[in-house]
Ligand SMILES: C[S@@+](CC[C@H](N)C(=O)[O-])C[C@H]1O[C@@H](n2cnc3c(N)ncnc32)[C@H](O)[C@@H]1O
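Here's a solo chain for you in structure tokens, the form predicted alone.
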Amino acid sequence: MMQKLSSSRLPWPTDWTALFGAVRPLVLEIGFGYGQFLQHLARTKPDANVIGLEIANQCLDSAERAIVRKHLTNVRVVQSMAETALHHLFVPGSLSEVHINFPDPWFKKRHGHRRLIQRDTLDVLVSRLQPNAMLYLATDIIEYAEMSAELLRETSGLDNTLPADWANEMPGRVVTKYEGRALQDGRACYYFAYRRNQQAAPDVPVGREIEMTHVVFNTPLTPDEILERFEAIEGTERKFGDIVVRMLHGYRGRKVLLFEVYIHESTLDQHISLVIAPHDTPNEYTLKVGTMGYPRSTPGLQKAVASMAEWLMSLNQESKVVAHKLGDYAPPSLSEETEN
């Protein structure tokens, strides 16, 4: 069995040489679907380390079984959103080739931010590509092709290798299952091929973890009283720039309180837990991050802990923070004197 890989558990950034056990160029496919193209890359590029990104468990399981069955030792699949992997797993200038095959167009206006091809994603892609590395894109949606063509033309770090914005055929290309269905249905396909040039890349540093956070506080409220008060904010959310913190549900354990929390950041979504655990000292507790959901210590996580601490302090005028480890993410209401 292959070890399951996920951006929520891999080191940020990932040492791909150590993972593959060989120093080889990195080739990436974003959204490999049924995995035929990914397997083709592994077979035709034996001197490369091939990485596939996908979020669907069924696709991941199917690809892993095929990789083991076909003894493909130079390819691994990772469960991850593309934005998370590009920002956190790969260092600048590390990718020699990137393939994006038939990404979801996300037609509805309210879903536009989910489209893969947009300015922020192209900036991080340019940052992660080596000089002369190739970026390939394929779509069967003319509106997506036109949008992509405009964005790619505006990307100074990439040069078009085709005589036009796109080609409708790509000789020698292996046909994916989705692509074959599109062609069989008579839909045109649009293929892009861009090369990374020598112009300076946008400065997109690797998103690394920061120090894990906690808050020690004192309150006359009992755990049951805290949980009862939580019902008033259950399902509410707070926004801090591009960070969204949503309080989901609260639970009472034998000794602790557990709160489900959803955190959205521009490069990462997390579904984690915050725990309130009592001390031996009467009325003293620690608010800390639980183990649910493989939490990563990001600014969003810090904001979630700080937001929960602020709410706890608002419940009773006698409540106070004894100590915290929030750094720059501590709200003004939590005195810096309490930081340790």
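The shown structure was predicted, so the numbers you read here are calculated from the model rather than taken from an experiment. Residues carry their position along the shown sequence, with the first being 1.
Missing here is the form predicted together with the ligand; even so, the following discussion is about that form.
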Let me test this: is every residue among Gly31, Leu53 and Tyr178 within 4.5 Å of the ligand in the predicted complex, going by heavy atom positions?
yes
Note: the ligand not shown here; in the predicted complex, the stretch from 40 to 48, 273 to 281, 54 to 62, 302 to 310 having heavy atoms within 4.5 Å of it is 54 to 62
Flag Asn74 as yes or no: does it have a non-hydrogen atom within 4.5 angstroms of any non-hydrogen atom of the ligand in the predicted complex?
no
Would Phe102 sit within 4.5 Å of the ligand in the predicted complex, counting heavy atoms only?
yes
With a cut-off of 4.5 Å between heavy atoms, is Ala82 one of the residues that contacts the ligand in the predicted complex?
yes
Please determine whether Ile243 contacts the ligand in the predicted complex, using a 4.5 Å cut-off between heavy atoms.
no
Though the ligand is not shown, can you say which of Val204, Met147, Leu116, Cys189 has a heavy atom within 4.5 Å of it in the predicted complex?
Leu116
